[in-house]
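The chain below stands alone and is given in structure tokens; this is the form predicted alone.
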């Protein structure tokens, strides 16, 4: 198998009435006038894509509502004094619902659609796709209930769910990997497009991560610390990141109707990310009893991660070169651009944070909270939104309005900016207070105004998610209302 040097005509923008493979009149005729069986397959794929997106929206609203409650508790600690509203229970509910309810389900739905379209085939098993969706939701629901009842795996960040529930999530990953790889294997093209390398790599690698995180032999003492670093960092860098980047490689050329700037650079970024990323989780435990050589290796590989980050970001930005004016007319493109910038800035910030001199200031402060939201929100979440707005209308033939897109984009962008900047500044002040050995309460007092701004930013972000929910409703259950320009284009093509 080798990576495609082109996308076989699938870079046509969503505005086109049909995705035409430029290999001859016969194929064009077959694509422009699909058979009844092809229409049924398209409808089945659209239902799967829509269901994954709708479920992810529900989890996004739930997870960010919990985040708002947590932000409010910083200003009013006595609010919600019951055990089920304590910070220790709500915080893992927020993070796990964001990771495994919102982002995981949304990215899998996008990966299925991209695999089918780029491989010019049908989904290997619609039934498996539905089974995977049920398993993802079952794990997230059971995990949320268990955490709120006080049943958790303790201090294992991002894997607080009890291990039987993590087995359900692993089963969902296994079903997804099987279905996705089998879909790509039955492609009608000779090559495997670059997006599918990223999505298949992410799913397969995450299966390995989830298995390592469940095996009991390492979950004691320093072994548990090491595995925690391995899991928590790879959950972002080897699960969400490759699926989001795979979406970029498909949706960006499609929106711009031009090929990606460099396929060789995309392949290079894929393999260097695979080589450098898995070990860098140990940089979360600098100055810990972990072996010094392991900490130093994590720092070195964190610096090496600039190679795939800069390479991938340059590839996306150079693809957009000369076309940035289209941002005025394309909110999907604007969401993707913010995601690309979030990937570049957030990943570079992670490299800077890995140095011991800066960890001494920022470790355990709110700066790391701002950093995590810059990556999971500014990069991954904006990438998902851009992918949904670019691809879901092509599947359902239903479109959101410009006002709805604007009501989503601007509050989300401004809110996330306020959120990240306030916690970055406040977290730095907090860390410097500790370095100067001031009383701990002084750092709490100094953080108070930044907690207020955190709440302001978070509220704007949360409100924007209702606009996203409305837009998704219009793209799934709303009336089919093609813009007149698209109708004219379809008539001209016919």
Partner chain sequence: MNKLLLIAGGSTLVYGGIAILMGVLPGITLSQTPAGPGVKPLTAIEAEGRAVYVANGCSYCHTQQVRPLSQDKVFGRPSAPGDFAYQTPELLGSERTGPDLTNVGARQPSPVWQYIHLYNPRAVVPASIMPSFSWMFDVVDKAPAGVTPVPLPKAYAPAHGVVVPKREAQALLAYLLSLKQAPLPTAQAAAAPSGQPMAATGKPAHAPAVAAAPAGSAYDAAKGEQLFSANCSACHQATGEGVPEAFPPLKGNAAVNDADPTQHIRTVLYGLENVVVGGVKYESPMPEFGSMLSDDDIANIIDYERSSWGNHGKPVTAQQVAAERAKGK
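Numbering follows the first chain given and starts at 1. Note that the coordinates shown come from a computational prediction; the quantities given were computed from them, not determined experimentally.
Not pictured, yet referred to below: the form predicted together with its partner chain.
Inset, instruction - Look at the stretches 133 to 141, 104 to 112, 383 to 391, 364 to 372 and give the one with heavy atoms within 4.5 Å of its partner chain in the predicted bound form. - result: Within 4.5 Å of the partner lies stretch 364 to 372.
Legend entry - Selected contact from 407, 344, 227, 214, since only one has a non-hydrogen atom within 4.5 angstroms of its partner chain in the predicted bound form: Looking at the other structure, the residue within range turns out to be 227.
Legend entry - Of 261, 331, 270, 377, the one that lies within 4.5 Å of its partner chain in the predicted bound form (heavy atoms): Only one listed residue qualifies here, and that residue is 270.
Inset, instruction - Using the partner position in the predicted bound form, report whether residue 185 sits within 4.5 Å of its partner chain, counting heavy atoms only. - result: Close contact exists here: in the predicted bound form, residue 185 approaches its partner chain to within 4.5 Å, heavy atoms only.
Inset, instruction - Evaluate residue 434 for contact with its partner chain in the predicted bound form, applying a 4.5 angstroms cut-off between non-hydrogen atoms, and reply yes or no. - result: Although its partner chain is absent here, residue 434 would touch it in the predicted bound form, with heavy atoms inside 4.5 Å.
Inset, instruction - Could you confirm whether residue 322 comes within 4.5 Å of its partner chain in the predicted bound form, counting heavy atoms only? - result: Taking the distances in the predicted bound form, the answer for residue 322 is no, it never comes within 4.5 Å of its partner chain.
Inset, instruction - Report yes if any heavy atom of residue 234 sits within 4.5 Å of a heavy atom of its partner chain in the predicted bound form; otherwise report no. - result: Residue 234 belongs to the contact set for its partner chain.
Inset, instruction - Would you mind checking 203 to 225 for residues with a heavy atom within 4.5 Å of its partner chain in the predicted bound form? - result: If the 4.5 Å heavy-atom criterion is applied to its partner chain in the predicted bound form, 203 to 225 yields 204, 205, 208, 209, 212, 218, 219, 220, 221, 222, 223, 224, 225.
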